[in-house]
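Take a look at this single chain in structure tokens; it is the form predicted on its own.
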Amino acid sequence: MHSFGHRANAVATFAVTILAAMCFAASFSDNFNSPSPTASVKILNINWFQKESNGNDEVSMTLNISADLSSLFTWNTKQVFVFVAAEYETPQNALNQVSLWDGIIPSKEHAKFLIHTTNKYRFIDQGSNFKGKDFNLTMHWHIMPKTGKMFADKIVMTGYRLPEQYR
């Protein structure tokens, strides 16, 4: 006969195997979700556009950020990290990204939002490259599942331009 230890080991191994199979099935089921989020970022005002004493350009903006990210949520979604970044090119770098705002969306009920805010983080360029600069505002999101791998995607909004002169 098998001892109690052998039987407990068999039951524990079986339970862990079933749990792993359920986690794999949960993670795999996310591949069939095809989300269709929407987002819009409007610049309401350039509060200031100045050259700092160290020679770097800095911009403060008032933004209207609206999004409907509810389609990102499935039964396997724990939370969604979302952020808005300004993206632009300079002679030194093909892609510069500056995070302007971020947030954590804990549930589907909070996934539809409209926020009126100034940029949460400083919008600074190392140098004097901002005058008349074209840039994109991009909403990025990272879906953090309860089990499985994280997914990330973005919506790029083009057509923004900084002023030609400091204010």
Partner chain sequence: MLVQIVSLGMIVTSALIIWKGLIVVTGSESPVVVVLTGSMEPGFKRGDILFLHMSKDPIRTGEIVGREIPIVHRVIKVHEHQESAEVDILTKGDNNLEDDRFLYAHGQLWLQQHHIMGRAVGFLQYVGWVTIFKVCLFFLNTPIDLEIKQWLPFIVHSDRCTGLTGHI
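The structure presented is a predicted model; accordingly, all values stated were derived computationally and were not measured. Think of the rigid core as the biggest set of C-alphas that the two forms share within 1.5 Å after superposition. Residue numbers count along the first chain shown, from 1.
One more form of this protein exists, namely the form predicted together with its partner chain; it is left out here, but the text below deals with it.
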Problem - Output flag, E52, K131 and N136 jointly within 4.5 Å of its partner chain in the model of the complex, heavy atom basis - result: no
Fill in the blank from the handout: The stretch from 109 to 117, 63 to 71, 122 to 130, 33 to 41 that lies within 4.5 Å of its partner chain in the model of the complex, judged by heavy atoms, is 122 to 130
Problem - Residue contact check: V98 to its partner chain in the model of the complex, 4.5 Å heavy atom - result: yes
Exercise for the section: Flag I155 as yes or no: does it have a non-hydrogen atom within 4.5 angstroms of any non-hydrogen atom of its partner chain in the model of the complex? Expected result: no
Exercise for the section: Report whether the minimum heavy atom distance between A25 and its partner chain in the model of the complex is within 4.5 Å. Expected result: no
Handout entry: Partner contact for I46 in the model of the complex: its partner chain, 4.5 angstroms, heavy atom
Key = no
Exercise for the section: Taking its partner chain as it sits in the model of the complex, which residues of 81 to 96 have a non-hydrogen atom within 4.5 Å of it? Please list them. Expected result: F81, F83, A85, Y88, E89, T90, P91, Q92, N93, A94, L95, N96
Problem - Threshold 2 Å Cα movement between this form and the one not shown for T158, core superposed - result: no
